[in-house]
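Presented as structure tokens, the chain that follows is alone, the form predicted alone.
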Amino acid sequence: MSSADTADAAATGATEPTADTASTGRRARARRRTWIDLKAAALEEVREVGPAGLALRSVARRLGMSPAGLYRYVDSRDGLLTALIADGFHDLADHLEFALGAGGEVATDRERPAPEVPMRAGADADVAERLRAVGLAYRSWSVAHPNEFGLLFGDPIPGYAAPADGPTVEAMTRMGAALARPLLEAAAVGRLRGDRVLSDPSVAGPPGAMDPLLAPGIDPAVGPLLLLAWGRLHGQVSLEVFGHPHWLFPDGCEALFRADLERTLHDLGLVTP
């Protein structure tokens, strides 16, 4: 380093990396790369044997690593499943947020491709357009990632329980917030018509049950509407992902999904026939 460089570094507070710090940086990058490769190998294992069949020994074999070496990155099969589920929810959330106008950045510890969605509707778009965008993104991600969809929404994995308040809860909460955003925006401006769907107040559950879903001042009936809308669209996606209507729609069910999405918008009072 020249005397001028030394003066510049002193002025900015920067210091020249030492051999030790450079080595530490290389180790951290190598560890991150191995962690990403480990999760990718685990997803391949899930695709082949299902979540219940995931075994650390098999994942280590895919990586050419000893089982003991694998334990430097994950403490158990359940820990690995937790990481995969959290990654899946975050990736789905990335796509939903991208459809709603956010940037396409993804976390470096996931290193997934930038999101691609059928349509985007930014903050200045009508709430009906925003709900269309997020609904289509939900379907397109699910159809493109059937095994991860099964990992997130399929049958419970025997012997596995997600840690309370752990990364899966945080990731699913982020996904749910993006999915619900257009409906909450519609409710905030008085566009959501709960009386078109709800006639029995008991569907809201016990008093206060829906409070975590809703901002102060939002009609409590909006909570059940969120769940009903999600259940309706998620049901169509689940049928398609798990192959039930393929005999009738061998090229996919996008047209059917779009039709149900439009009917949902109508039932919520967001569009007229």
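Between two forms, the rigid core is defined as the largest C-alpha subset superposing within 1.5 Å. Quantities reported herein were computed from a predicted structural model and do not represent experimental measurements. In this text, residue numbers run from 1 along the sequence as written.
Omitted here: the form predicted together with the DNA. The next part is about that form.
- In summary, among the residues 241, 46, 56, 226, the only one with a non-hydrogen atom within 4.5 Å of the DNA in the predicted complex is 56.
- With the partner omitted here, the stretch from 70-78, 170-178, 87-95, 133-141 that lies within 4.5 Å of the DNA by heavy atoms in the predicted complex is 70-78.
- With a 4.5 Å cutoff on heavy atoms, residue 61 counts as touching the DNA in the predicted complex.
- Interface residue remark: residue 31 is counted as part of the site for the DNA in the predicted complex, having a heavy atom within 4.5 Å.
- In the predicted complex, the DNA lies farther than 4.5 Å from every heavy atom of residue 40.
- The DNA in the predicted complex is not approached by residue 36, whose heavy atoms all lie more than 4.5 angstroms from it.
- The Cα shift for residue 238 between this form and the one not shown, taken after rigid core superposition, is smaller than 2 angstroms.
- For residue 59, a C-alpha deviation of 2 angstroms or more is recorded between this form and the one not shown after rigid-core alignment.
- With the core held fixed between this form and the one not shown, residue 227 has its Cα displaced by under 2 Å.
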